[in-house]
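For reference, the chain that follows is the form predicted on its own, supplied as structure tokens.
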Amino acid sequence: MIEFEDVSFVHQSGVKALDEVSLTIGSGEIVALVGENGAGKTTLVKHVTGLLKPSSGRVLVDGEDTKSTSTAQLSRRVGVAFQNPDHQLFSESVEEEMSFALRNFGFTQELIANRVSWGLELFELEEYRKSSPLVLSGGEKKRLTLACILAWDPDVVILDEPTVGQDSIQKEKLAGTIGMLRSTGKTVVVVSHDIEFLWPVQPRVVVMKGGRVVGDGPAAAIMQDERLLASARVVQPEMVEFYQGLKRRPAGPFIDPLEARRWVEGSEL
């Protein structure tokens, strides 16, 4: 469980990035953080890893205060794929990149080899095993950072703008990976502007504005609140717009175009 208790954070420049945020994320939840640039989303998730410490209030990860817990200790339980993968990749080869954390966490050589092969195959990076991460495209680098994290199997996975640089096929696979993590009871926090990607995942949605949480609830409820979304400069998913434009409609918005088509074909509009 992740708990923010009246957390505020002020940068050295004097800018307040978080303003008395109280938020609880339960074990096994899939949570999306949305809001315009500068809303505080990335600052919030950096507090979970201990990279930032609250100016006031406290952050608890499984009951442990991040102020008194090292980033190294937290990283075993919390894996983060940041928006810019160049800030995380440093090894001479893709294989070494994936092996680094596993060695530090004390995995056996056999298990390291198995986990590396699993991750490279899952994220279609096997051909780059001996290559430098620097030769990868931006999208491939993001997949590599995610492969590195999943290889050590943390309880919490944080993805900061994971769809940037990914084509539609890779986005679909990423959604499938989040579904896999959900089925195994992992806690997943996704920071994203890609509303069309988030909508079919149907996460709990936390809306941020000006360093505060201004909305929190199931995707179906939050994404129909036009006033809330407009205030936070978040666009509605296309399926929600289509649903709200119907004179006759089912009880809830369509998850994807196929569901919408089936309903339309079976109804007299």
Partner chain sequence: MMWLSGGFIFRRGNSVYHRLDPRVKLLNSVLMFASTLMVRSVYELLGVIVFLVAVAAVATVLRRVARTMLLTGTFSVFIFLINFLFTRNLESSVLYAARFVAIVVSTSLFFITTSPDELEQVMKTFRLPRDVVFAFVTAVRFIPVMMLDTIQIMDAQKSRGLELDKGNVFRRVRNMVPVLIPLVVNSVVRSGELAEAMESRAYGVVPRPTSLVQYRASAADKAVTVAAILLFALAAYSFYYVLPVQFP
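Residue numbers count along the first chain shown, from 1. These numbers come from a predicted model, not from an experiment.
There is another form of this protein, the form predicted in complex with its partner chain, and it is not shown here; the text below is about that form.
Put simply, Val190 is far from its partner chain in the model of the complex: not one heavy atom of it is within 4.5 Å.
The shortest heavy atom separation between Ile158 and its partner chain in the model of the complex exceeds 4.5 Å. Taking non-hydrogen atoms only, Val80 approaches its partner chain to within 4.5 angstroms in the model of the complex. At the 4.5 Å threshold, heavy atoms of Leu89 reach its partner chain in the model of the complex. Heavy atoms of every residue among Ser75, Phe100 and Leu134 are located within 4.5 Å of its partner chain in the model of the complex. Only one of the listed residues (Leu51, Ala221, Val201, Leu228) places a non-hydrogen atom within 4.5 angstroms of its partner chain in the model of the complex, and that residue is Leu51. With its partner chain left out of view, the stretch that reaches within 4.5 Å of it through heavy atoms in the model of the complex is, among 53 to 61, 23 to 31, 66 to 74, 209 to 217, 66 to 74. Contacts between 219 to 250 and its partner chain, taken as any heavy atom within 4.5 Å in the model of the complex, involve no residue at all.
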